[in-house]
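One chain follows as structure tokens, the form predicted alone.
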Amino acid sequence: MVDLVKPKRKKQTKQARGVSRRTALSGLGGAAALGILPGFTRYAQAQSSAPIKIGFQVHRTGIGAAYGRWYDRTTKAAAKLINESGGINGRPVEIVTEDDGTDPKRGAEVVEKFATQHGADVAFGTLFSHVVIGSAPRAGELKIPYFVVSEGHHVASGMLNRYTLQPCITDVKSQVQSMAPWVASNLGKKVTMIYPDFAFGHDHRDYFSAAMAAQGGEVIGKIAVPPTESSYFKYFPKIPRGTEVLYHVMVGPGVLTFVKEMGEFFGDQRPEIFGFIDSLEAVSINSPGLEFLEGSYFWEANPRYAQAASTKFDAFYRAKVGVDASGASIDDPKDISTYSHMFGCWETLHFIKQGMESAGYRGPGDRAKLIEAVEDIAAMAESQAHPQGAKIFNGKTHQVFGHQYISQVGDGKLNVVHKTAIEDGFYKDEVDYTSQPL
């Protein structure tokens, strides 16, 4: 099923169709002097231009549906803002949405539909790592730029291709490397991990184990759980004695059940708990049965609760996507956002805009130019386009690096206690995509 989000366009006059680039540009100066909004003048220039079509691959169904719903909401808000500001190269943005069912095979089919049926300029949006891995090869074959909003190390590892990029959300390897020193110093050095049994979880297993070893720690237990699991009691007895820190990262529709059952199993006799917010995304921390989380810690990429140090850019972004200071929908306080991930959609659309404008992008024939242009982007300042924070993009590995946050549960909120430096997540390049042909 396809969902088209099209900008409103006015009927052209013969005179408007005949406006030259020079005439339009000179008109911009006059319009600016009159205080007319930039979006108005740019669309006046580009009324004869077709929209920029962005194929949005979204997990509307399947285990990623909770994320997909908020990725969709964030994408629409970002596209609306971009169009209100004049679009891309004076052309409006049109979001063409396809559901991949959080399924790798369907993901590849969706990418092909974008390229061959919808005439999309780029593909964008995928979260779950197994879907990215299943879809990226087709994007490379079709030579359609594929901007993913995932977290796996699959892009930077060199597993994929030059047409696949992860430009505005950090990967697991960088995340865990940034936080392992704090965990080892503050919580303990003997860790048991509980993680989903697919690529994303395997990244956590491998890279956190290595990061803890570098801190003189040890992962003494590794418990893999199918991502479609619905009950978790049978896994907790496998936690080895001597565990000082229980590290959990769970995904899918069973996350609330997982956290509740963890609390029932441990009661008051629990080790230190360090979780990735994935285990609680789209779930209120005030849900009945989660009282035992008081004092425990979570990784967040973007703090769900507005903090005293939150910026005006975060406030602007919250307002535009319809999220309140607690990370819930303004329209429904029971509807909790996937705040730690969905910012990647907002920022990636602005990254695409920056790349297209740098490349002078006109259509699919300029896709190679677009890839080269975004590979040249390096520093991204904290801004309205990048409300999560400043970032550094590595054009060779197609992976971004940014800040991470550690938050503690207290008084029914998530309170930030540590913010990493961007450099904390750096690691040696494992690939140079720029050496691959376009």
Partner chain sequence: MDFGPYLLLATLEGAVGAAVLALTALGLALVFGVMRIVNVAHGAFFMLGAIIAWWVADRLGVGSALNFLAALIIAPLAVGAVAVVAERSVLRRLNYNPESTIVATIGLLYVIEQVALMTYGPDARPVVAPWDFRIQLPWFGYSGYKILVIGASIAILLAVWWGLTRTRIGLMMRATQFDSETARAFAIPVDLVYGGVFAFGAMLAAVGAVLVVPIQQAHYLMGTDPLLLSFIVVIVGGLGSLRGTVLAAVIIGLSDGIISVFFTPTLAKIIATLAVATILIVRPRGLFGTRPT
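Note that the structure is a prediction, hence the values are computed from the model and not measured. Residue numbers count along the first chain shown, from 1.
Absent from the display: the form predicted together with its partner chain. The rest refers to it.
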property	result
Option from 303-311, 224-232, 157-165, 85-93 whose residues, in the predicted complex, bring a heavy atom within 4.5 Å of its partner chain	224-232
Among the candidates Lys260, Arg318, His118, His202, the residue which, in the predicted complex, approaches its partner chain to within 4.5 Å (heavy atoms)	Lys260
In the predicted complex, the one of Leu142, Val219, Leu256, Ala359 near its partner chain [non-hydrogen atom within 4.5 angstroms]	Leu256
4.5 Å heavy atom contact, Lys80 and its partner chain in the predicted complex	no
Its partner chain contact in the predicted complex: Ala66, any heavy atom under 4.5 Å	yes
is_contact(Lys105, its partner chain) in the predicted complex, heavy atom dist at most 4.5 Å	no
4.5 angstroms heavy atom contact with its partner chain in the predicted complex for Gly267	yes
